[in-house]
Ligand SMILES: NC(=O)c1ccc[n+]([C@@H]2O[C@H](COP(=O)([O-])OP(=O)(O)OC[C@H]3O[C@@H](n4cnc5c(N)ncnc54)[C@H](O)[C@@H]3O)[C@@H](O)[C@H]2O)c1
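Quick heads-up: it's one chain on its own, the form predicted alone, in structure tokens.
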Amino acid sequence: MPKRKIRVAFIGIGNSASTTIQGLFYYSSGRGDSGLWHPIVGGYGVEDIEVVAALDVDSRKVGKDLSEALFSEPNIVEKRCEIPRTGVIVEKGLLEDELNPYLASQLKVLKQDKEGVVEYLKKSNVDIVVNTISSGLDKSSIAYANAACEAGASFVNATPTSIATNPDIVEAFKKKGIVVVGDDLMSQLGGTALHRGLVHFLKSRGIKPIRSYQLDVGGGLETLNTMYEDLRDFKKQVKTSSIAEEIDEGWEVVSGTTDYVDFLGNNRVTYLQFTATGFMGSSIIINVNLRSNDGMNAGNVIIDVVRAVMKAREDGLSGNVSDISNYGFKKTLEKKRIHDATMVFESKYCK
């Protein structure tokens, strides 16, 4: 008996959502699976995901068909495939926070209350809500999580806000018999994943890292938003803590975004340096320069996580499912090294 479609709502129709949704159409249109990390997760293919609802607070997206909103300002993501009209009209979203000056200068806000969002999610019969709103909007992300829980939908938190690491929220989802995973999406091959992966490789070759740093420069609204000092410091802590999961005692690590460069668009340039010791204490220095695209880096992970969450629900799991959170996110309840987390996820969901 064929599985039914996974009914998904996206919150925040920005660059990451645009790329991910383009990917759903791209890989469901018979173009093969080149570039797709895991063609099958939890028994589901990409074609089994259906976007049935979308919310945003920018007036340039609200009221438009999703196919048009994906490419509306301030989005700057590259169009990789044509999206036919979907019939999904972007609804007004929640905004419970005061916008910092960077976001306020970019957004033209339309919003509604939580009750309206709950009703919309129920009416759309949503299985899973994916939260990709701008970082730093903590009250809004929490309100969205509560709305999803009330509507009986599982929740994927791609933002740094403490949702899947908040005991009260996790317990509320558990009581409802639904899943919540997060927090802070880890790109497929962004600076944090590469940093952690290189640590694993060095240690596997008998090399002892002494110190390392990671500096990011990027364009796009998310990077501009990160220039707000409080948010920049918070994201630096989250990234550094995630990398520290690979660390043995005696290793210094610093990670954080340094600046915004408009003409980089949705691209990000990451600079990594490792200082390590080898045979007889010999010095080894590694410099790495990575250029990647934020939206493209998000697509594979979000698609994998959505399918895994659906499978977890079918298996009767609820609350924070650590095997999914550890695979796809930087800030998690359980600390696990990136190689181990990936192996566990693949063994459970990609067989």
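From 1 onward, residues are counted along the sequence shown. Everything quoted here is computed from the prediction, not taken from an experiment.
There is another form of this protein, the form predicted in complex with this ligand, and it is not shown here; the text below is about that form.
Heavy atom of Phe155 within 4.5 Å of this ligand in the model of the complex: Taking the distances in the model of the complex, the answer for Phe155 is no, it never comes within 4.5 Å of this ligand.
4.5 Å heavy atom contact, Gln22 to this ligand in the model of the complex: No - in the model of the complex, heavy atoms of Gln22 and this ligand never come within 4.5 Å of each other.
Touches this ligand in the model of the complex: Ala147 (any heavy atom, 4.5 Å): Result no; Ala147 lies far from this ligand in the model of the complex.
Contact label in the model of the complex: Pro160 to this ligand, heavy atom within 4.5 Å: Pro160: contacts this ligand in the model of the complex.
Full three-residue contact with this ligand in the model of the complex, heavy atom 4.5 Å, for Ile11, Leu95 and Asn297: All of them do, each having a heavy atom within 4.5 Å of the partner.
Partner-facing stretch of 163-171, 277-285, 81-89, 131-139, counted where any non-hydrogen atom is within 4.5 angstroms of this ligand in the model of the complex: Careful reading of the contacts points to 131-139.
In the model of the complex, the residue from Glu222, Glu246, Asp127, Asp216 that sits within 4.5 Å of this ligand by heavy atoms: Only one option qualifies, and that one is Glu222.
Listed residue that, although this ligand is not shown, lies within 4.5 Å of it in the model of the complex (heavy atoms), from Ser242, Ser255, Thr270, Ser187: Here the answer is residue option Ser187.
Residues within 4.5 Å of this ligand in the model of the complex, restricted to 51-65 and counted by heavy atom: Heavy-atom contacts to this ligand in the model of the complex: Leu55, Asp56, Val57, Asp58, Lys61.
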